[in-house]
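Shown next as structure tokens: one chain only, the form predicted alone.
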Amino acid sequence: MSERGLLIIVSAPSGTGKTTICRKVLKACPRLEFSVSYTTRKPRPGEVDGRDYHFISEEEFKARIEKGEFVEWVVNYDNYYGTSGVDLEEKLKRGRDVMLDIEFRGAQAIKERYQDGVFVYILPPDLTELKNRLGKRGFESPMVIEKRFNQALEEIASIFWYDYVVFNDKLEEAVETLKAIYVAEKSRRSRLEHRIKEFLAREKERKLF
């Protein structure tokens, strides 16, 4: 019997560098898989269907809601975003570790169902830097940027239920911190109880314990 996989949920305000950090950690940790969310928004430059998101129509998204397929879903800036509960459970039951890159409200919904998940929030060095990063993205209007910034302020004031906070002052340091959180959580005693019991039983049979 394999141990159930670990679920790590990463959230951050838009423009914080969350996606870049997550991709680097995933590349460095082969046992960690990315849970690809579903969305009704159009792909941004460089995004690939099935890698960054599953891009589907609003009609299909609503049909999946009716079927109860999503473990969490939200409407954000007139677009729908959601996580497939079936896909997530299948990976965790196989013992695969899964990373979710989702926004604040989606993370709250996941927390209600997955109390043993590891919740991480990424912060920018300061709010001035966050606003500058939002403005440099180049694909959103000043009105949307201002809306995202104001939403970020509301989120940041309410992040105290997250397990960890990572400041993205320097990208590589933030990546190493998130990797360290993942490695430490994999070694948490409560997650290894089945393996510990097997170890003790085996060594008792060998009369070495």
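The structure presented is a predicted model; accordingly, all values stated were derived computationally and were not measured. Numbers for residues come from their place in the sequence shown, where the first is 1.
There is another form of this protein, the form predicted in complex with ligand 5GP, and it is not shown here; the text below is about that form.
*Asks:* Looking in the predicted bound form, any heavy atom of F119 within 4.5 Å of ligand 5GP?
*Replies:* Output for F119 is no: heavy atoms all beyond 4.5 Å of ligand 5GP.
*Asks:* Is there a heavy atom of I102 no more than 4.5 Å from a heavy atom of ligand 5GP in the predicted bound form?
*Replies:* I102 belongs to the contact set for ligand 5GP.
*Asks:* Using a 4.5 Å heavy atom cut-off, state whether R31 contacts ligand 5GP in the predicted bound form.
*Replies:* It does not: once ligand 5GP is placed as it appears in the predicted bound form, R31 has no heavy atom within 4.5 Å of it.
*Asks:* Under a 4.5 Å heavy atom criterion, is R44 part of the interface with ligand 5GP in the predicted bound form?
*Replies:* Within the cut-off, so yes.
*Asks:* Do any residues of 66-103 have a non-hydrogen atom within 4.5 angstroms of ligand 5GP in the predicted bound form? If so, which ones, in sequence order?
*Replies:* Residues within 4.5 Å: E72, V74, N76, Y77, Y81, G82, T83, D101, I102, E103.
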